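Take a look at this single chain, the form predicted alone, given in structure tokens.
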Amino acid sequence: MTAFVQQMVLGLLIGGLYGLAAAGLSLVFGVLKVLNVAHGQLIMLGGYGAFWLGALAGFDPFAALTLVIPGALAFGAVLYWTLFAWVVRASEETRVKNSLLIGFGLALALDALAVRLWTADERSITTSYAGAVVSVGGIAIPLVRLASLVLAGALIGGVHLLLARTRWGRAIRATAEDWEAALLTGIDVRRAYLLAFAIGTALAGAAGTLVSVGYSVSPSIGLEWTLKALVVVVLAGLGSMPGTFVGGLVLGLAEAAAAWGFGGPYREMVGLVLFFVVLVARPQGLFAR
């Protein structure tokens, strides 16, 4: 029983990263109707950003978030204006397939660029407190991963408040509901699209930073994290940032239970099973609004 609880605690901790990784993808898809399959590569770039800030400038990885998030925000704005602004001019029916083509090309380009700049080796951030744990009832909780879970929840809570309480947050939500009606009420739809894409990229950069602390980053992790984010988006549904975070926790717990019950190789399979079951039984997701 202790081994089972330990496994579930670790699943819960990585589930927070799943939720944060999926939040940006959910926001972009929900507002722009654009499926950015290069989202995992943006997470990878965020991880490398935190790693090099630590290696070259001595930044603590959690302090590096103060630079990675604004940098990712600006990079997201550049990506939107250079690539995806052309996609959103099409009808909603054609946005997904056009964005898939652009996203695949962007993913390949970023993968090749990362290998060229930093080689294919895995890199992780090692700190003086990397091995610190707190023991509760015989269950060891790594403090770094616990801090990542708390920060992931805080970031998603901040974005939720931004969307719910600010003028431009409400404009983004109105655009997601009906961009034509939002345009008629005087909302600058293009600016709402830009803000949504930039915020989604910033969330991806933050997720990459937290991944580099507790795990490792390499140019090959992009596809893996894109798939995790897609599973969480389907599981949670669109329209709720807290729901996306909870969806990530559910996926983490499900993977941990599968690894404990059937072995490590089945850990990845449970995400695909959940993906299929939710699509069939509740296509709108568990927390859709």
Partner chain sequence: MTRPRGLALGVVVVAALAAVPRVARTDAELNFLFLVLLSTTLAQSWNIVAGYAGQVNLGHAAFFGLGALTTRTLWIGGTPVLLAMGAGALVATAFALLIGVVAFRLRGAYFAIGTLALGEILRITVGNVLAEISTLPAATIASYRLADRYYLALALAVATLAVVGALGRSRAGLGMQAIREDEEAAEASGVNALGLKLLALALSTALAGLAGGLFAYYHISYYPSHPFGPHWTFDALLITYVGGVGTLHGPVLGAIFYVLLKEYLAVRWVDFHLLIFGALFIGIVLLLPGGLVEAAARLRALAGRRAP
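Positions refer to the first chain, counted from 1. Note that this is a predicted model, so its numbers are computed, not measured.
This next part talks about the form predicted in complex with the partner chain, which is not shown.
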_in the predicted complex, the residue from Leu249, Ile69, Leu230, Leu53 that sits within 4.5 Å of the partner chain by heavy atoms_ = Leu230
*Could you work out which of Val159, Val144, Leu194, Leu106 is the residue within 4.5 angstroms of the partner chain in the predicted complex, going by heavy atoms?*
Leu106
*Can any non-hydrogen atom of Lys97 be found within 4.5 angstroms of the partner chain in the predicted complex?*
yes
*Contact label in the predicted complex: Ile102 to the partner chain, heavy atom within 4.5 Å*: yes
_Contact with the partner chain in the predicted complex for Val133, defined as at least one heavy atom pair within 4.5 Å: yes or no?_
no
*Taking heavy atoms and a 4.5 Å cut-off, does Leu223 contact the partner chain in the predicted complex?*
yes
*Judged by heavy atoms and a 4.5 Å cut-off, are Leu35, Leu83 and Leu113 together in contact with the partner chain in the predicted complex?*
yes
*Location of the partner chain contact in the predicted complex, chosen stretch of 43 to 51, 258 to 266, 58 to 66, 240 to 248 [non-hydrogen atom, 4.5 Å]*: 258 to 266
*For the stretch 259 to 281, which residues lie within 4.5 Å of the partner chain in the predicted complex by non-hydrogen atom distance?*
Pro265, Tyr266, Glu268, Met269, Leu272, Val273, Phe275, Phe276, Leu279, Val280, Ala281
